[in-house]
Ligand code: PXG
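First, one chain by itself in structure tokens, the form predicted on its own.
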Amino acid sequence: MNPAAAPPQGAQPAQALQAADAAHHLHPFSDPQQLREHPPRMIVHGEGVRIRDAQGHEILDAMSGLWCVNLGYGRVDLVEAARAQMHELPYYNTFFQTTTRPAAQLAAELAGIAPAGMRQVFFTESGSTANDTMVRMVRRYWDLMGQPRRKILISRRNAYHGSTLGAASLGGMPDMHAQGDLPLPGFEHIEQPYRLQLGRPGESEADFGLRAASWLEQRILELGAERVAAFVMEPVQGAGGVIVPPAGYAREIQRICRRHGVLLVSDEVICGFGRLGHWFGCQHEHIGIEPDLLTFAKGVTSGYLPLGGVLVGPRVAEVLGTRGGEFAHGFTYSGHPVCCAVALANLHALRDEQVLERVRTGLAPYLQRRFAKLGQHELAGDVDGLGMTAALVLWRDKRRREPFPPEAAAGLRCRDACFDAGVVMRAVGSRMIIAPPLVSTEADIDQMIERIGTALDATLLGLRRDGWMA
């Protein structure tokens, strides 16, 4: 053993690692000072829908890691797929007219489940690089079409599309834009279809959906359709707080895009591979669109290894494939054989075990019914969700619909209380969200709801103790 790597005398291994992590590891979306003051929770094991920390606490993972562990933890078939491929060929690239068996097989498998005649795929390592790749494809398409002024991509405020410069510019997160002089030129945003925040008194869901979709047409006309390349949307806005669009909204968005010749992109990094009970979220009847391009990651491997990509529809594929010559873009790990092998095993499991059918016909409706009960809690209301996603809002006064001020940190309090109660729940401001693994049982869902209820009780007590509620 390297003496420099030995744990400090007298320290428990987990404590030593937590101290080392706080000293040396810069975490994503974290304040380093806070981590130094409060070392991170160390997760050491996962099985099914549960994880365990270094102190031995069992925690229900109601967020599927980061929306990705669709098949749950401890899948021997996925581990074996990685092991076998590591022995056969641990790495080779897909540049210079070469490929590997898993990359070729996965491309064919994805073409077989993709919507709207999508027959080609470009592999990346993540959702961020998938969306960056999509931006380059979109702009290359319009150059080849002889319309080089079509450079602008429109997305929605509060949408998350990744953390790289292009993907963060595409997304509509103000805190991200405030760091790094974002967005870059060529990215515009419209309001999100969040009825609770933007609906008018007495306005029906259908009317709000049409009005929200009209914001896209207004922006296209303001910018000039000849300058707009694409509109990019998540079927359900995930990191933005599980914002489910009104029924009819997405179809109206598609009509607007087609009316003005604008490409339509579905960001399926969260919603793909069964999260909404279909291979892709755009296929859900509540959404019902046929995008020109589709980006994916996360659930394609159930998070076991990093992999992402772009599925390309016929309109774009025909132009890129016949007029474009070399597409000067790619990554060292595009089509990584081990990642592709795990993705193949993951897709086969989703199909062979009929996971999507079970989610669509049984588990997702059960989750939505059980989660809706949380809206009866004094602290919670405005429950919403679709498929295996759900959200509720924490209210300072639910009857008067008075929100908590940011300094109350109601969402963060509730998130911490959830960990204490043995369940992972994410906070987006005062909006609490879950996205459980697709292999959860009804008993797992019942236990999640029970533990979330316990956390809401603890949060309510803390807020009252500190004077934020009567």
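Keep in mind that what you see is a predicted model, and the values were worked out from it rather than measured. For every residue, the number given is its place in the sequence shown, counted from 1.
Beyond the structure shown, there is the form predicted together with the ligand, which is absent from this document and is the topic of what follows.
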Worksheet item: Taking Asn131, Tyr160 and Arg426 as a possible spot, do all three reach the ligand in the predicted complex with a heavy atom inside 4.5 Å?
Response: yes
Worksheet entry | Per-stretch contact check against the ligand in the predicted complex, the hit in 417-425, 399-407, 59-67, 41-49 (non-hydrogen atom, 4.5 angstroms) | 59-67
Worksheet item: Which pick from Gln254, Thr100, Ser126, Ser334 sits with a heavy atom within 4.5 Å of the ligand in the predicted complex?
Response: Ser126
Practice prompt. Name the residue from Ile270, Leu276, Ala250, Ala341 that puts a heavy atom within 4.5 Å of the ligand in the predicted complex.
Written response: Ile270
Worksheet item: Using heavy atoms and a 4.5 Å limit, would one call Arg156 a contact residue for the ligand in the predicted complex?
Response: no
Worksheet item: Closest heavy atom of Glu234 to the ligand in the predicted complex, within 4.5 Å or not?
Response: yes
Worksheet item: Taking 4.5 angstroms as the cut-off for heavy atoms, does Ile190 touch the ligand in the predicted complex?
Response: no
Worksheet entry | Contact label in the predicted complex: Val138 to the ligand, heavy atom within 4.5 Å | no
